[in-house]
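Form predicted alone, single chain, as structure tokens, below.
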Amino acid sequence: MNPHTIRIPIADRFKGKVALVTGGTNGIGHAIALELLREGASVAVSCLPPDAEGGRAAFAATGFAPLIVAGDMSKEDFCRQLVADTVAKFGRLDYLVNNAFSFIAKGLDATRTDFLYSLEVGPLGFALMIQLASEHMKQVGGGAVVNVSSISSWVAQPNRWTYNMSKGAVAQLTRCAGLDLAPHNIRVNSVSPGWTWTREVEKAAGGDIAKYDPIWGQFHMLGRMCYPVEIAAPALFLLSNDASFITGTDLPVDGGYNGLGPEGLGQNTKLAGSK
């Protein structure tokens, strides 16, 4: 097993707590939900209807059975049902992880429909979920929210108006929600992953991780791509009491992507004066 897919849980760190993870049946969302379960939390996850059966099987293979609620995060009625079902099942809500997002990558060719769907599933859906979940967090004395953002919220990338604009809005939402919910002891933060081996990325690589990891890894100081569990660990830190004085901020989990200059890793460049 790749060492970057292994994590030792901090036993029972979230015992007695309830977490809701959107888009939690695959990729980063699944990794976060699984780590929360391993650390004692009761967990509900959302997914699109076609992913529900596979999601149940994936969790069952690890010995866990979270509440899975299938629907479209762009629909307000579903968001309300998701929160209501979670509280009805577990009796409370302590943590929210906003992960579900639409990956529409278009620029000059983007239609108004493309933009609207990107926003509805993305920052608008995140905002509504924070509004709904925070009402229940107030009833238990506080809580924490983690929004899954992206390196794409901080940099320009070709043909990415829809996705990058939507992720950029998540950064500002995190700040504003963090400010307004602070009096209620509810912290709001985000994580910004670098290139990560999610379902869409593996599909683009034709499943050949060994070939494409070093190729796409050149965009990161660490020379490789990220695995979902490496996003889960920082997300759980931000949810936990270990991050009790952190709110309204973003944690880059990008392998040095945002700090890397145009020279990249330097394999094909020579420093001035070098031979």
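One-based numbering along the sequence shown. The structure displayed is predicted, hence computed values, not measured ones.
The same protein also exists as the form predicted together with a small molecule; that form is not shown, yet it is the one meant from here on.
Colleague: At 4.5 Å between heavy atoms, only one of the stretches 89-97, 182-190, 162-170, 132-140 reaches the small molecule in the predicted bound form; which one is it?
Modeller: Single hit among the candidates: 162-170.
Colleague: Can you confirm whether Ile28, Val121 and Gly194, the three residues that make up this candidate site, all sit within 4.5 Å of the small molecule in the predicted bound form, judged by heavy atoms?
Modeller: Yes, because Ile28, Val121 and Gly194 each have a heavy atom that approaches the small molecule to within 4.5 Å in the predicted bound form.
Colleague: How about Phe115: is it within 4.5 Å of the small molecule in the predicted bound form, going by heavy atoms?
Modeller: No.
Colleague: Given that the partner is absent here, does Phe103 sit within 4.5 Å of the small molecule in the predicted bound form, heavy atoms only?
Modeller: Flag for Phe103 set to yes.
Colleague: At the 4.5 Å heavy atom threshold, is Asp72 in contact with the small molecule in the predicted bound form?
Modeller: Output for Asp72 is yes: heavy atoms within 4.5 Å of the small molecule.
Colleague: So in the predicted bound form, is the small molecule close enough to Arg80 to count as touching (4.5 Å, heavy atoms)?
Modeller: Close contact is absent here: in the predicted bound form, Arg80 is far from the small molecule, nothing within 4.5 Å, heavy atoms only.
Colleague: If the cut-off is 4.5 angstroms on heavy atoms, which of these, Cys47, Ala44, Leu37, Ala232, is the one near the small molecule in the predicted bound form?
Modeller: Contact residue from the list: Cys47.
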